[in-house]
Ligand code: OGA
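Below sits a lone chain in structure tokens, taken as the form predicted alone.
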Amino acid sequence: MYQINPLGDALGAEVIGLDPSRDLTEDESRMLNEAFFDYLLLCIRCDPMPAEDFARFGRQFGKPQLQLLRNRRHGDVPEVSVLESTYKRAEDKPDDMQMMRLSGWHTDDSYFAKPAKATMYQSLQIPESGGQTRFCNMRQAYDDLSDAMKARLDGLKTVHSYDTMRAPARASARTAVEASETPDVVHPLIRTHEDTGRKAIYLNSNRTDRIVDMNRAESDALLDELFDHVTQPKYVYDHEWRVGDVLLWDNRCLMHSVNMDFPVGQTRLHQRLLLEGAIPV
């Protein structure tokens, strides 16, 4: 049986002794799910897997959901996406890291009516420095709000767009088909987790455009206040990648961002599997 050790005070746990090459037993699956709901992020240390093995392992945690952008889907295993963030040339790396889309705090797929409930991510190649993925605990951030703020936020809804001018960097270009699949959607600002019943702030600084029935200035001010709150260091865990690390994280109560300050020419390559979720409530 494997061990589960916390990775940080804010969230996350490392799973020791789990072999992704074999199927989980019923007891192992139950224990892993309990740990996932407690820690919100699990790290399994292993070697890089072929895409088909990575997908097989991921299916034990849920049903895969296809990546929107077709050009990032693996040619043989389309439910797996191949994501490279390497700076090929010096001019590809800006002086201002905010101009890199991955630097913005976000949660995957919130521009869908049914966003992915979880993301599984494996490092295949990593740079010598930088490139960490940061996570913030939106559930704890909600719990720590004052009763007055919780009452103020209760019932508010937000518009999530594929892109929003609130984000300093623009989203990847879509084909006409992909654009037709991603109209603006509305989600609750406070989301109730369908598996645990716990509440969390549900935001995405790359996609959350505005609060419904609120003027732009008031909406921006409240969203900015919440982003400042949830990204306080006490809610944040920074993951230092090792080659082969598999992270499984809960998009319903976490945001993440990437430290894009890493050397030019050093490959940063991951594979990703999204797990199908439900309409947020």
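Start at 1 and count along the sequence shown; that's the residue number. Keep in mind that what you see is a predicted model, and the values were worked out from it rather than measured.
This next part talks about the form predicted in complex with N-oxalylglycine (OGA), which is not shown.
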Counting non-hydrogen atoms within 4.5 angstroms of N-oxalylglycine (OGA) in the predicted bound form, say which of A171, L145, M99, L83 makes the cut.
L83
So which of F112, Y121, Y202, Y87 gets a non-hydrogen atom within 4.5 Å of N-oxalylglycine (OGA) in the predicted bound form?
Y121
Segment that reaches N-oxalylglycine (OGA) in the predicted bound form - one of 250 to 258, 223 to 231, 49 to 57, 36 to 44, heavy atoms within 4.5 Å:
250 to 258
Partner contact for W241 in the predicted bound form: N-oxalylglycine (OGA), 4.5 angstroms, heavy atom:
yes
Using a 4.5 Å heavy atom cut-off, state whether T133 contacts N-oxalylglycine (OGA) in the predicted bound form.
yes
For H106, is any heavy atom within 4.5 Å of N-oxalylglycine (OGA) in the predicted bound form, or not?
yes
Do any residues of 260 to 281 have a non-hydrogen atom within 4.5 angstroms of N-oxalylglycine (OGA) in the predicted bound form? If so, which ones, in sequence order?
R268, H270, R272
